[in-house]
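Form predicted alone, single chain, as structure tokens, below.
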Amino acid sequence: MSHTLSEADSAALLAGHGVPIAPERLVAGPQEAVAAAEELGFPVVAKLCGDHIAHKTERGLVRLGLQDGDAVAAATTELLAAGRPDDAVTGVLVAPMLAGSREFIAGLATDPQFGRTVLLGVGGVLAEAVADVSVRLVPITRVDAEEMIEELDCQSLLGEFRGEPAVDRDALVAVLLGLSAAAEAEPAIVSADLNPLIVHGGRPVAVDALVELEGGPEAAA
């Protein structure tokens, strides 16, 4: 048996091991949401957060590109009203609306034969079409992480792209090393997904995080 952490808890766990997560605020209501958005800077994203919510987009529990306080307040009210009793809603996550032409995916998975692995791949709309992924067993070294980046077929996405700077490879290495460190430190982790990992100003930043733990909720204690 396993269970997933809320997005906020997933992000906090991975950030504690050096994974770069977009700044976010967990709020309880519209007024707090507006204050958080003003602190973070518009436009922002609002997402319903709960201990049992894993697929927010499919359920329409995400609001993008909120440009002012009125929009944030309305979105927060709508999202809280959309929560179901079994979602175990903990609040609404407010985060900056980060833009970038390139997206990657990174994470942890458990192979039934070999154990935990770190993965890196091309994300966004191209993910399923190109299936460009590199994998290593936990733990990984800096050399392993650098090799994973080099193994991606879409190397052009790592250079200057559509007027944006080249990807900071050291920062991408740090993402992979942080995931590996989290897996070593937290034996209960079954999987972790950073999808998408947006390249913003040349640096990869996770704007969504989901961690699956072995056992019941007490495994997160």
Partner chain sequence: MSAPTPEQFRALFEPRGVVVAGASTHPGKFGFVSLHNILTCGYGGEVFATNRDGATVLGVPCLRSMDELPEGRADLVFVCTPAAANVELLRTAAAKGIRAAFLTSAGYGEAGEDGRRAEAELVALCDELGILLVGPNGQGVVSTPSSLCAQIVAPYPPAGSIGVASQSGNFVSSFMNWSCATGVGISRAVSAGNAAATGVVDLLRWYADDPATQVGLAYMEGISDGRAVADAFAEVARTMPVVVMKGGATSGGARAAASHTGSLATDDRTFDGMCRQTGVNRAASVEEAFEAAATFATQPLPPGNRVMVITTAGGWGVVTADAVTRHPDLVLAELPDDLRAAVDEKLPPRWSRNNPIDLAGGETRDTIPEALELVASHPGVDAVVYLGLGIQSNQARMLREGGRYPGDGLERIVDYHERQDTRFARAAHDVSVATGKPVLTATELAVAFPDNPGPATVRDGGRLCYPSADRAVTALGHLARRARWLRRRGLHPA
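All values reported here derive from a predicted model rather than from experimental measurement. Residue numbers count along the first chain shown, from 1.
Unshown form predicted together with the partner chain; subsequent notes refer to it.
Only one of the listed residues (Leu80, Ile140, Ala95, Ala71) places a non-hydrogen atom within 4.5 angstroms of the partner chain in the predicted complex, and that residue is Ile140. Of the stretches 62-70, 157-165, 23-31, 188-196, only 188-196 has residues with a heavy atom within 4.5 Å of the partner chain in the predicted complex.
Though the partner is left out of this view, Ser101 does not reach within 4.5 Å of the partner chain in the predicted complex, counting heavy atoms only. Mapping the unseen interface onto this chain, Ala88 falls outside it, with no heavy atom inside 4.5 Å of the partner chain in the predicted complex. By the criterion of a heavy atom within 4.5 Å, Ala75 is excluded from the residues contacting the partner chain in the predicted complex. In the predicted complex, the partner chain lies within 4.5 Å of some heavy atom of Glu212. Taking the partner chain as it sits in the predicted complex, the stretch 136-165 comes within 4.5 angstroms of it through a non-hydrogen atom at Arg136, Leu137, Val138, Pro139, Ile140, Val143, Asp144, Glu146, Glu147, Glu150, Glu151.
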